[in-house]
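The data below hold one chain only, encoded as structure tokens and taken in the form predicted alone.
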Amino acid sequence: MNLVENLKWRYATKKFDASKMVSKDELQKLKEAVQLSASSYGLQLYKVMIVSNKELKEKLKPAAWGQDQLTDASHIFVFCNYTERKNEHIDDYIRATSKIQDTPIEKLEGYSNLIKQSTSSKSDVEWQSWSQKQTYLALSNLLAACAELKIDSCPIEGFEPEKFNAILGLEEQGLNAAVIATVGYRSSEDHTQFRKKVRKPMEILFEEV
């Protein structure tokens, strides 16, 4: 299984080669992998900002504790959850389902109402937590796709969402930066690539019942 072998190859890259950029073709493949991510109800209640502009990366770097990955990596993926629950998101999804699956929209009304009832029953705290979790499903696809393409990556939670929101103008779009990932190619000077991977033993990590 190539995926497992490629996951053994990947690691959280700490130092990128700033001279290497991900090609447009490879970037398109990464975007497709993220697009195909699983999500609750299939809603995909998030948007992904992809930053490659050098000046913008320089502005974001201080908001991520000055980590060099922000400026040395080829691209920064910023996974943003929607901050407000809106029925229009659900309506858009139902209309798309009706069109793509050639299903009369009336037959989807029950499912639409089920989603609206479920999301509206969440408290504000529950909604924020749930919507942010959705972005991690997409992040996981990105990391796996990078490994398959032998592109390096590093998921990052160490950043200030409020500053990212301000720099990228996310609040105006009803978005919040939930988690980010840097993507590019490892530097030969990144010694962490030579460390053996540490993971829990199978018998501790899993229990079959």
Ligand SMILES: Cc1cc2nc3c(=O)[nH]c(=O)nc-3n(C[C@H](O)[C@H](O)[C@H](O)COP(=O)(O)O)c2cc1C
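Numbers for residues come from their place in the sequence shown, where the first is 1. Every value quoted in this text rests on a predicted model; they were computed, and no experiment measured them.
Here the subject shifts to the form predicted in complex with the ligand, a form of this protein not shown in this document.
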Joint contact, 26, 74 and 191 to the ligand in the model of the complex, by non-hydrogen atom at 4.5 Å = no
Using a 4.5 Å heavy atom cut-off, which stretch among 26 to 34, 166 to 174, 43 to 51, 149 to 157 contacts the ligand in the model of the complex?
-> 149 to 157
Could you tell me which one of 82, 93, 136, 130 places a heavy atom within 4.5 Å of the ligand in the model of the complex?
-> 136
Using the partner position in the model of the complex, report whether residue 185 sits within 4.5 Å of the ligand, counting heavy atoms only.
-> no
Contact label in the model of the complex: residue 20 to the ligand, heavy atom within 4.5 Å | no
Is residue 199 one of the residues lying within 4.5 Å of the ligand in the model of the complex, judged by heavy atom distances?
-> yes
4.5 angstroms heavy atom contact with the ligand in the model of the complex for residue 141 = no
